[in-house]
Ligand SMILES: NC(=O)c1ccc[n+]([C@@H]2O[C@H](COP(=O)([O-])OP(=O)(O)OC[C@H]3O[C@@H](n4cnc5c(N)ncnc54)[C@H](OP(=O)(O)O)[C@@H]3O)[C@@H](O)[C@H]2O)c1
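Just the one chain here, the form predicted alone, laid out as structure tokens.
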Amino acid sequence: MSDATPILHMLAPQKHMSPFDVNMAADAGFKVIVPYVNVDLAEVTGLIQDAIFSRPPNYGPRTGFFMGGKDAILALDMMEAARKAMVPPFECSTFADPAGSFTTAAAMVACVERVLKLKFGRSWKGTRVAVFGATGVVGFASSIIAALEGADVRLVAHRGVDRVVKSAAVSKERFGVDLEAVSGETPERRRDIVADAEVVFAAAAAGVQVVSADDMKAARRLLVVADVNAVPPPGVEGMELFMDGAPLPGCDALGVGPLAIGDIKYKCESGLFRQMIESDGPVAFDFRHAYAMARKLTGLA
């Protein structure tokens, strides 16, 4: 491993880089952290090449780029632009985690998977999953991870089904997964969706309740409900912050709360940052690597 100073360049398409991610990178061990804001996709090539050509090739693994923002596809496109910009042996490491969504989604999927395995002897294969907040970055990433693992995933639309139809089309084109877009714009439709699900991911905006106690009471097939919302009210009625497979009140389903998920998310993002620093060669991390890390952290791998 090179003894070069670990430097992290953090790219944000919006006007601010997330303080959360800056803190995480610093605590993981990066000594120099430089945020870049309002970064356009077309600018990635120049930034990468400025970084890789300014250091000898053996310093490449200690030179990192983090792709932030709030758009999962744009972050992945930035990763691809970075890959194409490298000129071996002049390379660097990259890590995409827009709005923390890839590590949060990975943590949620892994935490639920652990409950499915320990409590029900189930895997993701053939499990019916309903994703609320499907157009957000966490909902988008978790739906793809679960589908890649063999789950039957439905994306729930709150305001017009067109946006989730588009998300399903992008997911099919980019990752080869088949996701079903469904309308959940009325209480009756949402209740029918929950009743047909075995797992629910609640990944809607903070402070927005998307699944009620009455929804779950009528859901006879429901096994596990996960909620990433730590801001009151919970996204799932009756969900407690630290639930990790405990029964939800008034129904037969088990809950996985936001701070149980958050603990794995924190360790996942920190762990990937440390791997960037410690690796002997350049690495490139996206939601798939986050999920692999989350499964290790939850004892699944």
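From a predicted model like this one, the values you see are computed outputs, not experimental measurements. Start at 1 with the first residue shown and count on from there.
One more form of this protein, predicted together with the named molecule, exists but is not displayed; see below.
Residue 99, heavy atom within 4.5 angstroms of the named molecule in the model of the complex: Because a heavy atom of residue 99 falls inside 4.5 Å of the named molecule in the model of the complex, the answer is yes.
The named molecule contact in the model of the complex: residue 189, any heavy atom under 4.5 Å: No, no contact at 4.5 Å.
Contact of residue 85 with the named molecule in the model of the complex (heavy atom, 4.5 Å): Close contact is absent here: in the model of the complex, residue 85 is far from the named molecule, nothing within 4.5 Å, heavy atoms only.
Interface membership of residue 208, the named molecule in the model of the complex, 4.5 Å heavy atom rule: Close contact exists here: in the model of the complex, residue 208 approaches the named molecule to within 4.5 Å, heavy atoms only.
Contact residue in the model of the complex, from 159, 220, 119, 125 (heavy atom within 4.5 Å of the named molecule): Here the answer is residue option 159.
Heavy atom within 4.5 Å of the named molecule in the model of the complex - residue from 75, 145, 204, 153: Selected option: 204.
Residues 271, 294 and 298 all lining the named molecule in the model of the complex, heavy atom within 4.5 Å: No, the candidate spot makes no contact with the named molecule.
Stretch in contact, per heavy atom within 4.5 angstroms of the named molecule in the model of the complex, of 126-134, 86-94, 145-153, 169-177: Going by heavy atoms within 4.5 Å, the stretch is 126-134.
Contacts with the named molecule in the model of the complex - residues in 222-242 whose heavy atoms fall within 4.5 Å: Those in contact are 228, 229.
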